[in-house]
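Take a look at this single chain in structure tokens; it is the form predicted alone.
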């Protein structure tokens, strides 16, 4: 009897926004292309860049002005969310129709539950997924397969672009141990710096820390996450009707103009929403003494416009500062009362 094992595949559409633009405009193929969230003419940030641009030093989040100084021939294009969403809808619909148990994690990522008895089977399924995505949309993707979401993501990140990597359960421990700390999802530079202070520079170093030591250093939730992640443990199940209640973004003010910063936060938040509609907008102001003031507004309509985010965010900030004009350290922008659109609703694909 063949022993089939449940595995999880992460399907990641490579440099999705920029790749969509290459499909729309084939003449861009081979040229450095960046999709930008503009806050003013020639002002804004890079939200996606193709690999030609990345090899020349263009990075996601980089200011447009700096990117263009660095790469004179860089093609910069505005975000076309409706077009990207339409391609995402085709891809996610095709995945759900064939594999049933699919979690749409974002506009360009999905987790798929599969069954495979060995590495060869898993590679065959991964190849079939890549072929399906290409056939439905013209988009190339990378697929990482592992025993859980954590391993699947690490496998995917290690083989981009247009790659396929399978890490079978019996290979997981060695795969994690040979990975760098920053290859583990959600372990960023600041966490790595703090682990370094504790004398931990590799996965094996960090595994010597007890869960109590990690909880003391990073807090209960993150400490337990790090302890488990170092061992490849992740019990998150596939959520076929994933619903996010709110999104938020924070940034330190520094010497920036607060209204310019709110423009940038709005642009970043709008991209993260990926076409979702919202009805509530909130501003969070953190002062130098770390005290916090918040204010929110519920709109009379469902919005899906970055301009609404900018305008309401600025007005809320003005209202807070009119009452309390202390020096601001950080600003946060939040949206809630969200409505699913297009690619995020499973019922949209199956009705």
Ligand code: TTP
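Small disclaimer: the values here were computed from a predicted structure and weren't measured. Numbering follows the first chain given and starts at 1.
The next section is about a form of this same protein that is not shown, the form predicted together with this ligand.
- When contacts are defined as a non-hydrogen atom within 4.5 Å, all of 109, 160 and 271 contact this ligand in the predicted bound form.
- Taking non-hydrogen atoms only, residue 314 never approaches this ligand to within 4.5 angstroms in the predicted bound form.
- Looking at residue 60, you'd find a heavy atom of it within 4.5 angstroms of this ligand in the predicted bound form.
- Taking the partner from elsewhere, residue 293 is found to have every heavy atom lying beyond 4.5 Å of this ligand in the predicted bound form.
- Taking the partner from the other structure, this ligand in the predicted bound form has no heavy atom within 4.5 Å of any heavy atom of residue 38.
- Look at 64-72, 22-30, 41-49, 305-313: in the predicted bound form, residues with non-hydrogen atoms within 4.5 angstroms of this ligand sit in 41-49.
- Contacts with this ligand in the predicted bound form, taken as any heavy atom within 4.5 Å, map within 6-27 to 12, 13, 14, 15, 16, 17.
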